[in-house]
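Shown next as structure tokens: one chain only, the form predicted on its own.
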Amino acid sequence: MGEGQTIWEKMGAIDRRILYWALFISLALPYIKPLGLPVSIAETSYALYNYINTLGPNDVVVMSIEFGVSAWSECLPGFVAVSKHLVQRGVKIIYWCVGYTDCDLTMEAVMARIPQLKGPGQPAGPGDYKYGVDWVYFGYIAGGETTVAQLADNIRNVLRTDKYGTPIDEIPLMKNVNSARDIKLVVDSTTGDYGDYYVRQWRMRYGTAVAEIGIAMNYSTFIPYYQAGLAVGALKGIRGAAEYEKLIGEFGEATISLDALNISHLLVIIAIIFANISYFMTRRKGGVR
């Protein structure tokens, strides 16, 4: 920068490396401490939140893991946020998967993010979820929509033990759970058509409430079910997850990601504004070369 340059000329000649460092530091801030920047909440996110708020300790919810490790960035935060809400409400939770063989890795990730979910043999203190009593995990179940339909008819015709080999009749949580009629809600988190399976086989046949946590592309294909009254809510990818984290008052990975995205966009907008101010001010003074 020359000694005789005006402030406008200096503004337009800022070294791009300064902008890169400003962007790097700004993006790092949410990972140090989530900012919780304002985010509008979609109707479908509110609807799922409000429905779960009607549930309590005598109710059972199925959380169906229908996304692989490759979709963690978009599906896992919402799945965790809804699970946290169920724990807050004291609802009994059944986890299983009929779509992806790597669901054990996803379940481990969920447990790591929700310390209240105590595994088999782990001591459970006040406020913790005791395995087999408050929650249970059945792992991967092959069969696609056929299995979804059979589970709706009679869970014991499909499942004999949980993931860890405990007979289903020895699991206290499953004592009075036999079919879709005993389940208050199925929350399917998917990158494919599994939400459709639950609507067809659980909602339309047995009246069980269904909701979906999906990638953004799935949201547009699932939303007609919500509009038709066949689903009680839906979360739209990482954006929907951030909305739900705000609703339950627990900032997590989705809020961090959205904060970083918003900050980066804000920085670009500020840079564009200052660049245009510099251009027009130097042009007016005849400073454009």
Partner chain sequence: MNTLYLEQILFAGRGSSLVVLILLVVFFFIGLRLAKMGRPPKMRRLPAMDAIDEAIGRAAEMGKPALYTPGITGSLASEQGPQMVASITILSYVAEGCARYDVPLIVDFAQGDAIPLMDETLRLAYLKQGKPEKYDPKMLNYFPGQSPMVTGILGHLQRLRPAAFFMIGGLYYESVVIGEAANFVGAMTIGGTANTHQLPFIIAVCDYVLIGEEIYAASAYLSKDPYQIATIAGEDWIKFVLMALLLLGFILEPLGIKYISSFLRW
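Since this is a predicted model, take the numbers as computed values, not measurements. Positions refer to the first chain, counted from 1.
There is another form of the same protein, the form predicted in complex with its partner chain; it is not shown, and what comes next is about it.
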Could you confirm whether K118 comes within 4.5 Å of its partner chain in the model of the complex, counting heavy atoms only?
-> no
4.5 Å heavy atom contact, N53 and its partner chain in the model of the complex | no
So, in the model of the complex, is G90 in contact with its partner chain at a 4.5 angstroms heavy atom limit?
-> no
State yes or no: in the model of the complex, is some non-hydrogen atom of N218 no more than 4.5 angstroms from a non-hydrogen atom of its partner chain?
-> yes
Identify, from the list K184, R113, K130, R200, the residue with a heavy atom within 4.5 Å of its partner chain in the model of the complex.
-> R200
Report the stretch among 210-218, 166-174, 76-84, 118-126 that approaches its partner chain in the model of the complex to within 4.5 Å, counting heavy atoms only.
-> 210-218
Sequence order please: the residues of 165-195 with a heavy atom within 4.5 Å of its partner chain in the model of the complex.
-> G192, D193
